[in-house]
Each structure stands twice: as structure tokens, then as C-alpha cells.
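Below, in C-alpha cells: the form predicted alone, a single chain.
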Amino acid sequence: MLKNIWIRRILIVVIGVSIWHLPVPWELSQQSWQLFTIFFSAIIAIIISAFSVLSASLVALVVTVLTGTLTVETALSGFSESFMLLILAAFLVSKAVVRSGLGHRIALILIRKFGRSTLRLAYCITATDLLIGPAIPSNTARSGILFPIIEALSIDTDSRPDDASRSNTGSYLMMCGIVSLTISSSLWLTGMAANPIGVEIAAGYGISITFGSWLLAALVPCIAAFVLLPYLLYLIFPPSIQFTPEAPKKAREELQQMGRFKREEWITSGVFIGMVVFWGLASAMNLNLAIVAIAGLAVLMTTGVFQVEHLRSDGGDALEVFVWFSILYVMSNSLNDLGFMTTLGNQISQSLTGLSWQATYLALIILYVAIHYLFVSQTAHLLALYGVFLGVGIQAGVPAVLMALMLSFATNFFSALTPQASSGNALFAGSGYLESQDVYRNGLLVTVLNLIIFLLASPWILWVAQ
């Protein structure tokens, strides 16, 4: 095993050095090509298990700085991004939800109602995300709501992170959390922060998309995805424990034994509900999402529900996710700032000239999704390539509203592609229930399924949007 790991690591070095010394293509700068080489090598290293995601990110950071590809200030700037702090704070709040006993109580209530099978729990999680989607315009914030519930469900169905029991239910349910965000963010115009930005870019091309027209166009593919994806994931990534006919009865008995809410549960409930409310009102009240999460964590710590000792014992996973996501985000964002993504998009668009509009439409959507392997932000992806791909599609004769809506939907349904494809994935990917390879493999399959579902729904989207 050790020998195989070193073979894979040597292979990564060979790949990286080889790409580094290739002639710089197109009109890219040497700096952008070097950064692409480092970033690409890090992603491949994670995929083939040469390094863990944290180790690969740290090595990439060091190489980026030592080679002068990025300055120290730029390379470390991701650690000050507010949404990174949101991930960190939400992760710690989720630990408090579990420690206080509130997570256990919520899990027992759900098991009492839906706990006869792991699949029914998965549909319950997905339905919850769909219902809160329009009120919480951040898939990262919604992951902070879903994660502690899923973690408690996993623990209460005898599935624990970082050991063999994680496959009982936890691995599958955590992956369902990632998948549910692809559906909820696609269904609602307010389901993801970048959605209104896409609408504004489309308006520059004379395309009008309203909340209602978005919802109507998304309804059929999102309902299909809601019905199919939890079940298909259940087939390709099955939980070890699938049926629990006695679980509802046991949950009912244990709830009776728990009795009334304890002090810690009341405080945690108030904090949790408050965070959900203020996240929902963040735009109207001009509140920063990270500050809301940090305020919630501060209340939990000052009331003694979540103590410094808990932070020391439970904070390791949160810190790990914070570090690797911050590093990969900066590298991806810098690639965009250096013009790599736009140049790549322009080269792709030029290669599609002469095709029918149907072929151009299909190729653009598939390529738009595939390129997300290079991004660590849905918003950055949209800002870099949405306008480029939309313009090429319209010029090729693709119906403008169909192209605009499908690019917007794709910006959401490709979020399961990799662990770093969306900041909403970070909590689930860092939970200890999922290996990076689990997310890459299942994320690819789910993204392909989403792609097929939405492409097959193209006639419906065109019909209702015109």
C-alpha cells in the first residue's frame, strides 16, 4: 500500500513537471499556465489518492509561493473571505447542536416519522432543503442547517465518522445532503447567491427572467431530479443499513425517556432558529451571513452550551475544511483573475463555429459543466463564463431564453461535481463520513444524471419560457 502511494505521488510530480514545461498555449501568460499546472496537479493528486485533500492543498500552496506564481498575500487571502468564516462557524455550531442533545432529539423525531428505511430519510432531507430553499438565498447557509440534522441522523442510526460504521447510513445521507443542494438551488431563483447575477447578465442580452418564469421552467426537471436522484444514489452508493422497521418504535420510546427540553436544547434551538431567520432576512437587512453564524456561535459559547474544551476536541475537522477550501478557492479564483478561464471559454467557442444550433447548445452546456473541475466557486464560474457561453449560443441560433436558463441551472446542478465544487459541499465533505474519492466518483455520476434530466427537459423549458 505504501509503495503504491509513493508511485502515485511520483506520477503526480512527473505530470506536473511535464505540463509546466510545455509551450504556453493560446495567449495565456506564463503565470496563469504555471498556476493551472499546480492547481491541476493538486486535483489529480486528490482524485487518484496520492494525497489527502488537505495535504495536496498545502503542498500546492507552498509550491505556488516558492515558484513566485502568486504572492504570499494573494495565496493566503482566502483565509479572510467571509464565506470561509461562514463555513467554519456553521461547522462548529453544528457540533453544538449535536452536543446539546438537540440534534439527537430532532433525529429521533424524524426517525419516528420516516425511519423505516434510509431511503425515506434521504427523501425527507431533500424535501426539507427544497422547502427552505427560497427563503435562504445561500446554499452554504442551507448546508449549515441540514448538516447537523444529517449528522445526528447518522449517529442515531449507528453510523459514526472515520470508522467502518460510517457506511451504515452516514456516508449515503451526507452525499444526499450534497445532492439536495443541486436541486434546491436550481429550483428557486433565490436559492443560490449567483442566480440573480445570471439573470442580470441575461438581461443585457434582452432576456427577461422573473422569479415565476424561473420556477415554472425549473419545475419539471427539479421534480424529476427530486424523485430520481436519492434513489439512483441509493443504487450506486448504497448504505449498509437499508431497512430499519423497528427504528420508529425505538425512537418513540427513547423520546419518552428524554423527557422535556433541557436548558442546553432550549438555548441551541433559539440560536439555530435565529440563525435561520436572519440568514433568510440577510439581504433585506444587509446582514453578512458569516457574522450571523459567528454571532450564533458566540451565544452558544457564552452560555456554556459549547465550551472551549469542546472547541479543542471538535474543531479539528472544521479547521481542516477551512484550510483546504480556502487554498483551493484562491487558486481557482486567481486562475480566473489571470484570464485563464475566459481564454479557455473563448477557445471553446471558436471551435464550435459551423455547428447546428442544437449541436452547439448541447456542446456548450456539456463543456460549461465539465470546466467546473477548475472552479471552487459557482459564482466565479458564472462571472467568468456565463456571458461568454450565452453570447456564443445566441450567435449560433440557440433560443436565447433557453440558453440563459440552462446555463443558470447548470451553475447549480454541477455543484456536486467535486468536494470543492461548491462552498455548500464543505461541511459534508469534511464530516468524516465521505472520502474525497467518494465525492468525486458519486459527484460525477450525479452531475451526469442531472445533466441528462435537464437536457431532456429542454423542450419544456423552451415552451414555458417563451
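This one's a predicted model, so the numbers in the text were calculated from it and none came from an experiment. Numbering starts at 1 and runs along the sequence shown.
What comes next is about the form predicted together with a further copy of the same chain, which is not displayed.
Contact test in the predicted bound form: residue 79 vs a further copy of the same chain, heavy atoms, 4.5 Å: Residue 79: contacts a further copy of the same chain in the predicted bound form.
is_contact(residue 47, a further copy of the same chain) in the predicted bound form, heavy atom dist at most 4.5 Å: Close contact is absent here: in the predicted bound form, residue 47 is far from a further copy of the same chain, nothing within 4.5 Å, heavy atoms only.
Non-hydrogen atom contact residue 54 with a further copy of the same chain in the predicted bound form at 4.5 angstroms: Yes, residue 54 is a contact residue.
Close approach of residue 265 to a further copy of the same chain in the predicted bound form, 4.5 Å, heavy atom: Although a further copy of the same chain is absent here, residue 265 would stay clear of it in the predicted bound form, with no heavy atoms inside 4.5 Å.
Partner-proximal stretch of 175-183, 138-146, 70-78, 209-217 relative to a further copy of the same chain in the predicted bound form, 4.5 angstroms, heavy atom: Among the candidates, contact is made by 70-78.
Joint contact, 202, 236 and 374 to a further copy of the same chain in the predicted bound form, by non-hydrogen atom at 4.5 Å: The answer is no: none of the three residues contacts the partner (heavy atom, 4.5 Å cut-off).
Listed residue (301, 127, 277, 366) with a non-hydrogen atom within 4.5 angstroms of a further copy of the same chain in the predicted bound form: Spelling it out, the residue with a heavy atom inside the cut-off is 301.
Sole residue of 119, 132, 85, 194 within 4.5 Å of a further copy of the same chain in the predicted bound form, by heavy atom: Selected option: 85.
Stretch 39-73 - residues with a heavy atom within 4.5 Å of a further copy of the same chain in the predicted bound form: 51, 52, 54, 55, 58, 59, 61, 62, 65, 66, 72 sit within 4.5 Å of the partner.
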